Every structure is written in C-alpha cells, then in structure tokens.
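Presented below, as structure tokens, is a lone chain in the form predicted on its own.
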Amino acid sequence: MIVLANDHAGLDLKKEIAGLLDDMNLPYIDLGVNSRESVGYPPLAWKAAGTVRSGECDRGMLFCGTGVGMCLAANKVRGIRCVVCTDCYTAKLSRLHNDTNMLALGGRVVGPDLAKMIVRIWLETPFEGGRHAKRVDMIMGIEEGREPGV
C-alpha cells in the first residue's frame, strides 16, 4: 500500500500520479487535500509519514510546490527516509543505495511525464543492501543519537 499526500501546490501532480498508480494496479490511500486553497504542508507530511512508520503503508509519495517542504517535514518522523527528486537517476540511486521509503515531488518543478518516469523507477528499483545497508543503519542511528562511524 502506498500513501499519497499533497498540499494545494501539489494537487495536480498528485492526481497524475494517482492515475499512474491506478494504471499499474497499485493500491494507495490519499491523505492529501483536493482543493487549491492554500494549506500548510507539515501536518499532511507528518500524517503520511506516520502511515509508513507504522507499517500501514510500505511507501509514501508527497506533493507540494517544490517537494522540498514535504520532504523536510517527513524526514523529521523517525524511520522515514524521504527523497525529493527532479530526475530519474536520483530516484534510482535513492532506492538502490538509501532504501528511501518516501518520495517527494514538486508540482511547480517536475512535469507530469517526467514525474511518472521518476515514480515508476522509484517503485520498481529494489534496495541493493550490502555496504549500503551499513550506511542506512548509520543514518537511522543518528535518530537515536548515535554518532555515525566512518
């Protein structure tokens, strides 16, 4: 299960990606707004990230103007590794090397066709593990106050 959340600036892009998920027969829940009236994104990112943290959803996608605000807010939730993407290479490596569990996209930055390519790559790329698992563990240890080793 995938969770989607958006603010007013991410509404149109979220709708495009929801259509893609429908085409891919991937289930999702939508926690975002369905209006272009200005809203604050932190509560939306927090709620979506909570569903990933709890295990209710395996992954999440967030949509705002640039993707940055949603990404920052989501990464404050323990266990979340959110990446903001504007290109396919970053989407692929964020999964291969960082095991990202949330993706943030900017409706004012990324067009719908590119966003769909990014989402497909991000969803279809597995975590590589190995030496990268140690690095992800170091990142997660920072949340617990552990200084990462070299």
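Don't overthink the numbering: it's just position in the shown sequence, from 1. This is a predicted model, so every value here is computed, not measured.
Below: the form predicted in complex with a small molecule, not depicted.
The partner is not drawn, yet in the model of the complex one stretch among 63 to 71, 43 to 51, 114 to 122, 87 to 95 has residues with heavy atoms inside 4.5 Å of the small molecule: 63 to 71. The small molecule in the model of the complex comes within 4.5 Å of a heavy atom belonging to R108. Although the partner is absent here, I17 sits far enough away that none of its heavy atoms falls within 4.5 Å of the small molecule in the model of the complex. Proximity of A9 to the small molecule in the model of the complex falls within the 4.5 Å heavy atom cutoff.
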